[in-house]
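A single chain comes next, written as structure tokens; it is the form predicted alone.
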């Protein structure tokens, strides 16, 4: 029987009601106690590196999770991380970067209602996750609402419904994937990253503020177009050494700077990265990861493609 490590980090799945609303109350062992059926699927050990509402997740938490997995990597056949849903997509993307080519399944899951609720979706999600963690899949993924999603493709699209996540611009995982590469762990993330979501009323001064950051994600319109009035500001950012990653505000089908003039004016310029079909969450996590490894613009571009 496969041996799985349950890594509990808080979130709605572990929450109870307080006078100020829901907050994490249940530890890893108590979570598992709601699932007597798990014993028919796999052997499970538990660990609790921290317990927070996922709204409070930071890159430091991502590194803690990756560190736990690295330390326990040889002792287990797979890992299940229970996590709040609000920032789960960011954590899944970050772990996909920090743990390169894992030969074992690393599964993130959570729930829309606490595991103690009578109508909770937590039990199904956890059991599905344990089954998939015991499947031999290689890689980071999100298991939620009956869906299995690559860690770089997950996005929360509903705030209350059980079917909360979708795979963006990539098919869902339907069977365990395998590769022959060796795992590699990384230890550095750059927190010096800023996101600009353009609106028709965005003041140019925001780009002046952005100069203080090593990396900036710009959510453009449509296929990633940048309005003419901001074009010189974006180019100036890149020329001054800030790495600029261009993405789109549209959920599906990604950006393509080659189609319109408002995209072609920046396509291929040094220090400006076109992110194609990645979500804003994945772009942000990848930029933090890439800047944590190098200052070289060409190498950062390579890490994005990788």
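Positions refer to the first chain, counted from 1. Treat the numbers as computed from the prediction; the structure is a model and nothing was measured.
Quick note: we don't show the form predicted in complex with ligand ASP, though the next part is all about it.
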_If we define contact as a non-hydrogen atom of the residue within 4.5 angstroms of the partner, is residue 51 a contact of ligand ASP in the model of the complex?_
no
*May I ask you to check whether residue 167 falls inside a 4.5 Å heavy atom distance of ligand ASP in the model of the complex?*
no
*Does the 4.5 Å heavy atom contact test between residue 84 and ligand ASP in the model of the complex come out positive?*
yes
*Using a 4.5 Å heavy atom cut-off, state whether residue 111 contacts ligand ASP in the model of the complex.*
yes
*Listed range touching ligand ASP, judged in the model of the complex by heavy atoms within 4.5 Å, from 51 to 59, 271 to 279, 257 to 265, 26 to 34*: 51 to 59
*in the model of the complex, residues of 8 to 26 near ligand ASP [heavy atom within 4.5 Å]*: 11, 12
